[in-house]
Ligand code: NDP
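Quick setup: one chain, the form predicted alone, written in structure tokens, and binding and motion questions come after.
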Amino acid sequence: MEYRRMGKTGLQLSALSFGTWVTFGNQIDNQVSEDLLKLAYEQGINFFDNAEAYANGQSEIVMGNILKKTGWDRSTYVVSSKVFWGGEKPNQKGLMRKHIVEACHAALKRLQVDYLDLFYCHRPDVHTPIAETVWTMHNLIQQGKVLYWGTSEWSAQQITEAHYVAERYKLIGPVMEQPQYNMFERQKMEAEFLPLFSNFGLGTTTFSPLASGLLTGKYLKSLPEGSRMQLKDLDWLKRSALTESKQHKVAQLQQLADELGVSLAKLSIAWCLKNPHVSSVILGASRPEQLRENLGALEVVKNITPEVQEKIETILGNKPQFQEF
């Protein structure tokens, strides 16, 4: 396993990490969840990603039970939670002080840990002053309940504003962002966030490296029964992913992967790892053999030579262009 610094911080994350969105407490049973977490840990993964919204908190309960059962030394793994969607009633959703504090306490209880290594603001909250959010996160860190805080799916402007508030009041600002990043979703990581990397040393823990399964190649003809794409609450993924243009590009990428003698999934994950601004790529899996296969992407990074990268760019035709204003 390769380990990378999370941006400008001293924290080291495994280049490949393990997330539980969709799977834990929902798609797979608890024994499979335990098998997956143990496999990830045994293979050197030290970052486990979670959120209050995953399976309405059940995902964190499942993970917490496994962590307690294994008895792993707390210093050997990093665990995260995210706050925004806690419920439907007033003050159960958003980034106001009340919900952030209560969500943190609830996550600690579900995960059965004394502190969260990483705590993300799962989405921006336009109804709460950014200063209130930054102050609250700062206080949680000062209290020892959180070690680092960051954002997920925020814009560069919103992250910059959070940093300006932190600088103004001498507070601890966000140090990591969790954006979607794959061959089809590149704008933020390769253009919009460039000033954040240079100005703030932003770390990134990216998700959906396989574009919700599209970059595995298995959806070229049909949707496999029982796959993530078949879940009713993920209909939006099917609408956004299964376009004729993307399918054509996936077919070409599959041909390139075949020429290299690797799976398309490994090639796609390795492509994400090639970006030096990626601190960790979050993997999801519903079966141990799936996770074991995707972990092999670390060995494929060396296959992405400048020539191969040029072929990929020709196929994709979507390289973002950074424009200075």
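Residue positions are given as counts along the sequence shown, with the first one as 1. This structure is a prediction, so every number in the text was calculated from the model and none was measured.
What comes next is about the form predicted together with the ligand, which is not displayed.
Checked against the ligand in the predicted complex, the candidates 124, 203, 174, 209 yield a single residue with a heavy atom inside 4.5 Å, and that residue is 209.
In summary, among the residues 67, 298, 39, 285, the only one with a non-hydrogen atom within 4.5 Å of the ligand in the predicted complex is 285. Using a 4.5 angstroms threshold between heavy atoms, residue 290 counts as touching the ligand in the predicted complex. By the criterion of a heavy atom within 4.5 Å, residue 20 is counted among the residues contacting the ligand in the predicted complex. Using a 4.5 Å cutoff between non-hydrogen atoms, residue 54 counts as a contact of the ligand in the predicted complex. In the predicted complex, residue 218 approaches the ligand with a heavy atom inside 4.5 Å. Shown alone, this chain has one stretch from 195 to 203, 90 to 98, 115 to 123, 67 to 75 that lies within 4.5 Å of the ligand in the predicted complex by heavy atoms: 115 to 123. Within 4.5 Å of the ligand in the predicted complex, a heavy atom is found for not a single one of 12, 187 and 304. Of the residues in 178 to 201, only 178 comes within 4.5 Å of the ligand in the predicted complex through at least one heavy atom.
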